Each structure stands twice: as structure tokens, then as C-alpha cells.
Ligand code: NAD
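Just the one chain here, laid out as C-alpha cells, in the form predicted alone.
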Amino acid sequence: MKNYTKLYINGEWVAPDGEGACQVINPANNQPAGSVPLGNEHDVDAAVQAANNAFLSWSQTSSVKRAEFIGAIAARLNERKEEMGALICSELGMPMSWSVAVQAGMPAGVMASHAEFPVEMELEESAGSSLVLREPIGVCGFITPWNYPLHQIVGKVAPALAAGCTMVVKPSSEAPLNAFLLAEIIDEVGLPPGVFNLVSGPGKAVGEAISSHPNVDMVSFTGSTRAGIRIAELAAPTVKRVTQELGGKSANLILEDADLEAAVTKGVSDVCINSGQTCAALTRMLVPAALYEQAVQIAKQAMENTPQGDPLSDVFMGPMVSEKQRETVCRYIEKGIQEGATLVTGGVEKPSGLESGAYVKPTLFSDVNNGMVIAREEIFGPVLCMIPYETEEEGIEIANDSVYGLSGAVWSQDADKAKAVARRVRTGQVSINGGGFNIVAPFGGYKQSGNGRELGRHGLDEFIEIKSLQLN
């Protein structure tokens, strides 16, 4: 069990001005997993001041030196991925094998991929008689979620380091322990004081103080659309840049000529991984009406065959992050039943033998129409809605009939046709025939799924200001 009592500010572990501690609970057994201190607005102010003081020297550090720091952090993350994976397993509940590979291994890979980007800050281009330069935006505030906690932190920290920015990070209260282990690693590699600062605490105090602070130049937030709107409102008076990766209700559009077994089975696993707590999860499965009943039966079998249990055992699914989140998901399941959807499998009862943890059975609804609440709102749990359509045009229309636009998928044995349909799906990314997540491709959404992009070369742009030198 990890119990942290200090914040990381200006290159030192310091006692917080805030009082009390945030208790982290293991959702598999409701036992304590650790704790972190509760910072406040005064701690944020100290962290912002440290970041502001460090910015001038860090932004002028050579690209080679910044790349070396990024590489060193990536190497240490990789060396400690078993420890990191076990820690995230204890606070989030993702099964251990997946936690090591996805929750710890993927962020190490993301960090390593950014070592090639600092040199791009030195690129110059001509525009007529002007010289166009790239400069770091300044002090950044990062407010991050609990579902892929380290990945979401690294996805912001890595490009900020590459660009030459300094930062203040606020991790989620549900899964903050991994952020403190990252701070330990950053301290070990000797990153200059003030470049990275960590302040844990409630969103109302810490998150709002970061968002409204006059010396923070940009805020990057990942979380709910509701919270994203609040952060944008707080940031508006100081006209700081705001990037947001928010909710999703992504459609898995299976075309008539698709490999139905592969498409449906892969779609079920996509909804069940991390217990459905994935913003880009394909939670609406759109199937041609002629294939609908067959697809429902394939999905039912796949869900009922999904191993679920103690995250320290060999299972695919563990618990939800908390009992509160489990209750939220169960309310949506009850809503689906009330709306007239057919509960094919799953439901609100805890799985047999798993009554002590925050477990939700993989749940499948058929006879869903796109106007139902369960088809329109983000449930953030292992709940799949299957919706029939008559024509390809109707399928595309249903896929786009959402306030969200984060992700999606298209399945067809004609790859060119799949790509043509994918171009018409208004989302930030679309998987073609099961194409996997790519850490060097830009990630982000349309509409109320947010603005800006993370990962890869395009993610660096969010941390760059463009300057023109008008030459005589």
C-alpha cells in the first residue's frame, strides 16, 4: 500500500498547505490501496510559480537535452512497469496482465515516441519576406482522469516536455497513486526543478485553481463533457488555450459484407476491456437488419464467455473503478429496461461470487433505437447497445446522430469501401476492420467530444505558439 504525504513542487517533495488525505480504495475488495495528500489553491499557486520560474531556462534548453530527459523517463517507466502495473491494478481494478501491458507499458511507449520531437521546435520556415518560428506556449495545467490514468498524464507531459513547456499536473482522485510514482521517476532522472509539478486534490479546489490561474498559459483536460465545459468557462477570462478530450458514444458500423463473427466478437471485447471505462469504446453496434438476430446471438455468447473476476487472476474484466461508478452504470441499465430495450444478457446484479467488489456483468441490449438514453449518453461501463439499420446510408446517418464524435469503426471485406464509409463518419478516429490503437497517430474528437489532439506529431502542435519575424 502506497501512502504519500507530500506534493512534488519545484523539484522537491513538500508538505501541502491543504489539509487531509484522499483515500484510494481497491475496487476489487473495497480495501485501502493507498492515499495522497489534499492540496489546495495555495499549493497550486506555489506550483504555478515554480513552473513559471523554470520556463525561461527550460524553454531554451537544447532539443538534444530535452530528448535525453524524455528518453530517460521512458526507460525508467519501462523498467518499473511491473510495479506501475500492479499499482494501477490496485487503484483502478484493471486485471494485472492488462494493467502491466496497457496501463504501464503503453505510457512508456508514448513517452519514448516523443524523444524525436524536441528537434522540431528548431525548424524554421519562410513565408514571403517573413521567417516563421515555433515557440513553447508556456506554463501548462493538466487535469487528468482515472480510466487510463498514467497514459492520460504522459499523453500531456511528453509533448509539453518536447516543446519546452513547464507544467502543473492534477491527477484524478480515484486513481492518483501512479502520478506520484511518475513524479518519483522524474525526480530520479534529474529533470530541472519546476518543470514538472504535481498537486493532488479535489477538482473544485485544485482543478478550478489551475484552470483560472492567470499565469497558466494553457489547460489540457481529459474527462466528462460537463467538467470540460466548466474548465473552459474558468479559463475564458484569461483567454488561455484549452484542449479537451471528453466523452464519446462511438458507433461500430458493421456493413452487409463484413465478417460478422469477427466484427461482433471484436466489438464486444472493445466494450468490455477496462470494464467499459474507455471514452472511445464502441458502445453502439450498428448491424444490417437482415443480419441483426444472428449478430445479437454472437454478441450474447461473446459477452457470456468474457472471463470476469479478481484482477489478480487470469481474467479479461475486473471491477468498475468504484462502487459509485457501478451504481451509475446500473442506473443506465435500469433506464434501458424502462425504455423498452431487450436485456439480452447481464443486468444490475453482481456476478456470482463477486459480491464484495464493484463488479458489473457485461450487459447487452437489443431492440435499441438511437433515440433512447442508453444510445445517446455515455454510460462508461460494459454496456453494449445493438441497433439495426436498413440501408448503408441509414447506418451512416445513425452513426453520426450523436452529440459526440470521438471514435468509431467500420467493417467490410472491401477495404476501399470501408475507408470510403469511414471518411463519412464524423469522428476523430475510425478503426477499419479491427485496426488497433496507434500511439503515434493523433487522438481526439469532433463535436462535444472535445477539441485539440493528443499523441504523435499532431499532439505537439497544441503546445506551440507560432511567431513571425518580418524581415527587411
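When you see a residue number, it is the position in the sequence shown, counting from 1. Keep in mind that what you see is a predicted model, and the values were worked out from it rather than measured.
Although it is not shown, the form predicted in complex with the named molecule is what the next lines describe.
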Of Ser172, Gln103, Thr166, Ser90, which residue is found within 4.5 angstroms of the named molecule in the model of the complex when only non-hydrogen atoms are counted?
Ser172
Considering the named molecule in the model of the complex, which of Ile374, Leu246, Ala74, Ala158 comes within 4.5 Å of it through any heavy atom?
Leu246
So in the model of the complex, is the named molecule close enough to Gln294 to count as touching (4.5 Å, heavy atoms)?
no
Report yes if any heavy atom of Phe443 sits within 4.5 Å of a heavy atom of the named molecule in the model of the complex; otherwise report no.
yes
Even though the partner isn't displayed, in the model of the complex is Tyr359 close enough to the named molecule, meaning a heavy atom within 4.5 Å?
no
Hey, in the model of the complex, is Thr144 touching the named molecule, heavy atoms inside 4.5 Å?
yes
Just one of 178-186, 360-368, 219-227, 297-305 has residues with a heavy atom within 4.5 Å of the named molecule in the model of the complex, so point it out.
219-227
When the named molecule is placed as it is in the model of the complex, are Glu41, Pro192 and Pro193 each within 4.5 Å of it, taking any non-hydrogen atom of the residue?
no
Within 272-294, which residues come within 4.5 Å of the named molecule in the model of the complex, counting heavy atoms only?
Cys279
